[in-house]
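Coming up is one lone chain in structure tokens, specifically the form predicted alone.
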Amino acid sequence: MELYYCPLLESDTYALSPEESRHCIKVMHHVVGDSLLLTDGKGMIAEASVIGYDKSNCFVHIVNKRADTSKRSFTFHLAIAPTKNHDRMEWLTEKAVEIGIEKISFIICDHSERTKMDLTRIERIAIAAMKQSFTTNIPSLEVISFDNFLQQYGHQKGNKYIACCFAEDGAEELATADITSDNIILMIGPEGDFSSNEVTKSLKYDFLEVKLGPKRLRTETAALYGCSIIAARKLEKINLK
């Protein structure tokens, strides 16, 4: 059964967006009486049936709604300096959503190659990835300066990491870090890495320097590696309980 995105699941009847309606009727060839699954992208899932359609709208009746019990019990916030090539951030967003992520902050750093992002397009990619991977969570997205990011999120409790190419001797590998909190932040810098000033500032907010293995990774590869490691480590801890 296909999954459709409906940001508001408040009434018993609902008109799918033109884009979702077109996919439902024109691509999937659904007809009146067919069953669908809907999600609001915030962890809610609903069973619905098609009750009618016209040239641009598909109308559905919601049979029941429930919270998605498969939703993750922890929150992962990725902060990443956007690459010069916008396509790389689009690719990363798609893969991160498929693995699982709750928030993405595109941070503007001292060595950033890009200072603007098309969040509307990024959100469309996130929605498509959510539907394809049959999950029910769309990450919140923002573009924010490095200093504002620290001011807004640096005081949060949890496991907070900054991945550096030139981390100090003794810096822990993320793959072996003791990830005990259900609130996790990982910062990934630009191709030129974080500046020494940015690393110093982050340490004052109790971020820990970590390494991402022995190889030097591209920004988007490092971020995807971090997403995978954290998802695997948290799943491991959940299974051990």
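All residue numbers are counted from 1 along the displayed sequence. For clarity, every value in this text was computed on a predicted model and none was experimentally measured.
The next section is about a form of this same protein that is not shown, the form predicted together with another copy of the chain.
For the candidate spot formed by 149, 152 and 157, no residue has a non-hydrogen atom within 4.5 angstroms of another copy of the chain in the predicted complex. Only one of 25, 15, 217, 9 lies close to another copy of the chain in the predicted complex, with a heavy atom inside 4.5 Å, and it is 217. Although the partner is absent here, residue 79 lies well away from another copy of the chain in the predicted complex, with no heavy atom inside 4.5 Å. The closest heavy atom approach of residue 52 to another copy of the chain in the predicted complex falls outside 4.5 Å. Another copy of the chain in the predicted complex comes within 4.5 Å of no heavy atom belonging to residue 192. Residue contact with another copy of the chain in the predicted complex: residue 99 places a heavy atom within 4.5 Å of it. Heavy atoms within 4.5 Å of another copy of the chain in the predicted complex are found in one stretch of 173 to 181, 196 to 204, 25 to 33, 43 to 51, which is 173 to 181.
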